[in-house]
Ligand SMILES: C[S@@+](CC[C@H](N)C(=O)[O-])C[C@H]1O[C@@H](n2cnc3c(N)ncnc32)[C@H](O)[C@@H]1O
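What follows is a single chain, given as structure tokens, in the form predicted on its own.
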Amino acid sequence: MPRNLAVPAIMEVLTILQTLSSSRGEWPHTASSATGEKTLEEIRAYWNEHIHDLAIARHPAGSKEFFDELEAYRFEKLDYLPRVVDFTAYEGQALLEVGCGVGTDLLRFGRNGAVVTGIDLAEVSIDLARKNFESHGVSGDLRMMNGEKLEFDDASFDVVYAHGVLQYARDAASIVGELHRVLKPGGEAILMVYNRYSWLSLLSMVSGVRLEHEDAPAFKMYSIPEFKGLLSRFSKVEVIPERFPVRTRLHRGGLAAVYNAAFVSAFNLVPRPLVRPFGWHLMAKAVK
């Protein structure tokens, strides 16, 4: 699709999204999983077999080159993240990441002086995270743990971080409650969930290309009001819609070629204020 045709098509997409979000319309494609029926063991088993971005890795798993490759790719596709999260701002502060995966974001906090603790339900992730920290010479407390029942005292951390975790949780409300409990008064929570009314969720429905990890045992998207409601126990909440189209290296074929050649550049010609509410990621900064 030529760029001069892609821009009107994208404006039509935005019109559809505005209509759906204002009417609270629901797509069958985005219905929440029956998360209450899933066990922790099912969720653990899935994430032991599905490491984020593993498909793009070309170096042996567990090597320093492997972790550097995953980090480079993560901050390429999430180019917004260092703008929204200042990884250098937490020197000397106790920071907990729930759902740390292989430790990519946590390592960045640790490199910049934060006193970091990371937990994950999947033992494979924790094993890899430990190797990641060791290979980069950074200290961190890494443990296998259930985020619904954190094994930490009240008011233990200055900062809690959970990026891309709550949408895959069996009980997101319990995790948020635990994050609030272990956070010190005045402490900061930095969280991310997927936006139900986003450009990517609609594009996925129209194209038939499934969202990454949509097959996880628990999977849910949120509207902005729903996300704010989930965080209602915090004294202050700011939700920032982010993650707009960047070129994909994960997908192949004709649709991916059209996406890379026309859709990405055309979408980014649309003034950001018009597309801002429909970012794929809803980032929240909340204060206890």
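In this text, all values refer to a predicted model and were calculated from it rather than measured experimentally. Numbers follow the displayed sequence, beginning with 1.
Another form, the form predicted together with the ligand, is not on view; read the next lines as being about it.
For the chain shown alone, Ser198 is not a contact residue for the ligand in the model of the complex, no non-hydrogen atom being within 4.5 angstroms. Contact between Gly110 and the ligand in the model of the complex is not found at the 4.5 Å heavy atom cutoff.
Residue contact with the ligand in the model of the complex: Ile43 places a heavy atom within 4.5 Å of it. Remark: Gly164 counts among the residues lining the ligand in the model of the complex, judged by a heavy atom distance of 4.5 Å or less. Put simply, of Leu142, Leu191, Ala114, Ile175 only one has a heavy atom within 4.5 Å of the ligand in the model of the complex, and it is Ile175.
When you look in the model of the complex, the only residue of Leu183, Ala129, Leu121, Leu96 with a non-hydrogen atom within 4.5 Å of the ligand is Leu121. Only one of 97-105, 134-142, 83-91, 151-159 places residue heavy atoms within 4.5 angstroms of the ligand in the model of the complex, namely 97-105. No residue in the set Phe244, Arg247 and Arg272 has a non-hydrogen atom no more than 4.5 Å from the ligand in the model of the complex.
Shown without its partner, the chain has Leu40, Ile43, Trp47, His52, Arg74 in segment 40-79 as residues with a non-hydrogen atom within 4.5 angstroms of the ligand in the model of the complex.
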